[in-house]
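Take a look at this single chain in structure tokens; it is the form predicted alone.
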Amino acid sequence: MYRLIYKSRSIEPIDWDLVSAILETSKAQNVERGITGVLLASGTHFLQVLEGSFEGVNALYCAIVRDPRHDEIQLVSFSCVEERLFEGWAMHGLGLFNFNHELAQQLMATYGERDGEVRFPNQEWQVLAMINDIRRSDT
């Protein structure tokens, strides 16, 4: 089992319609590929975690890199893992632009700010901590 995390800058401003379109396409294809994960989006950047077989995750990442909707793609990590963190999520989406102001301020205080938005981390443990913080805020 492998986990890949990358982040990128969107060519156009991100809104929930764009995230929904990406999720709709991803979910069907990822079920067939045995891939799970989560997509975070701010108003300007994407952060995605993919989990599955080496071949499946690698092939999907190669396709993502060629997607013209984003640039400045940075590989945060690609590692072998014991188990999935996002079992049952063919692809789950979280739009940080939809969060309440208080949560956005907490995330910016913890992880930093970029272009007036939450800055996505450069290290795997910080990415997973951020996702955990967001998931806890939903409860």
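Start at 1 and count along the sequence shown; that's the residue number. Keep in mind the model is a prediction, meaning the values are calculated, not measured.
Note that the form predicted together with a small molecule isn't included here; everything after this is about it.
**Student:** Of 104, 94, 64, 76, which one comes within 4.5 Å of the small molecule in the model of the complex, counting heavy atoms only?
**Tutor:** It is 64.
**Student:** Does the small molecule, in the model of the complex, lie within 4.5 angstroms of each residue among 26, 29 and 50, using heavy atoms as the measure?
**Tutor:** Each of the three qualifies.
**Student:** For residue 60, is any heavy atom within 4.5 Å of the small molecule in the model of the complex, or not?
**Tutor:** Judged by the heavy-atom cut-off of 4.5 Å, residue 60 is in contact with the small molecule in the model of the complex.
**Student:** Is residue 131 close to the small molecule in the model of the complex, meaning a heavy atom pair under 4.5 Å apart or at it?
**Tutor:** No, residue 131 sits far enough from the small molecule in the model of the complex that none of its heavy atoms falls within 4.5 Å.
**Student:** Since only the chain is shown here, I'm wondering whether residue 69 would be in contact with the small molecule in the model of the complex (any heavy atom pair within 4.5 Å).
**Tutor:** Taking the distances in the model of the complex, the answer for residue 69 is yes, it comes within 4.5 Å of the small molecule.
**Student:** Is there a heavy atom of residue 84 no more than 4.5 Å from a heavy atom of the small molecule in the model of the complex?
**Tutor:** No, no contact at 4.5 Å.
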